[in-house]
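Next up is one chain by itself, shown in structure tokens, the form predicted on its own.
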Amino acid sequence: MMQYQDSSEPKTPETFHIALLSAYAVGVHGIESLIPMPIPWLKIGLANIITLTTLLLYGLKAGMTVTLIRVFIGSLFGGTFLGPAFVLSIGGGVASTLVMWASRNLFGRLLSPVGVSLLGAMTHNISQLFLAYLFFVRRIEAIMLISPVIIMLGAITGAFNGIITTLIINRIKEHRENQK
């Protein structure tokens, strides 16, 4: 009798952690969608804490995996798959993940998780504004009017997310040291 052999990557603790972090990101994204906001499409971006944590612990491939899983599953559950919100979310998520990874690689420890998060938040917002203009709004006046508000709120939430990420990373480091 022929045995079936799984040709996929071997199951490692890292693979399990990335899957778990992806599930956390989807859960946080879902919970966040229940929080009433003064502007309907505005979000705090709490799931980005999970993305940044993953990126800092496991690198670009893992961080991008979490981002893509969160966006795809979140949009499927939220009913926005392939709609304008999906386009803005995927564009902002991919761009910000790439910039956070690049900034961490270029500047190393000179940039704290707060700095990396701020760069990611700014990239996310600017990418979304650009995509909104390019595909949906087509009125630069509207984009220019809302840009300062979006960028200011992005800086606040980016700083908050960076602080929470720093606390999480420090707690993980403490836990790892206690395991030795």
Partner chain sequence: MKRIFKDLTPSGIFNMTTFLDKVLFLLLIALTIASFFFVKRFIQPGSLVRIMSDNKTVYVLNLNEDTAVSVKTPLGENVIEIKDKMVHMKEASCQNKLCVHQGWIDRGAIVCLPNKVIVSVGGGGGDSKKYDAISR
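Note that the coordinates shown come from a computational prediction; the quantities given were computed from them, not determined experimentally. Residue numbers count along the first chain shown, from 1.
Omitted here: the form predicted in complex with the partner chain. The next part is about that form.
Peer 1: Tell me, please, which stretch of 23-31, 56-64, 43-51, 140-148 lies within 4.5 angstroms of the partner chain in the model of the complex when heavy atoms are compared?
Peer 2: Contact criterion met by 140-148 only.
Peer 1: Taking the shortest heavy atom distance, is residue 68 within 4.5 Å of the partner chain in the model of the complex?
Peer 2: Taking the distances in the model of the complex, the answer for residue 68 is no, it never comes within 4.5 Å of the partner chain.
Peer 1: Residue 19 near the partner chain in the model of the complex, any heavy atom under 4.5 Å?
Peer 2: No.
Peer 1: Is there any non-hydrogen atom of residue 155 lying within 4.5 Å of the partner chain in the model of the complex?
Peer 2: Yes.
Peer 1: With a 4.5 Å heavy atom cut-off, would you call residue 107 a contact of the partner chain in the model of the complex?
Peer 2: Although the partner chain is absent here, residue 107 would touch it in the model of the complex, with heavy atoms inside 4.5 Å.
Peer 1: Answer yes or no: in the model of the complex, does the partner chain come within 4.5 Å of a heavy atom in every one of 111, 118 and 122?
Peer 2: The answer is yes; 111, 118 and 122 each reach the partner chain.
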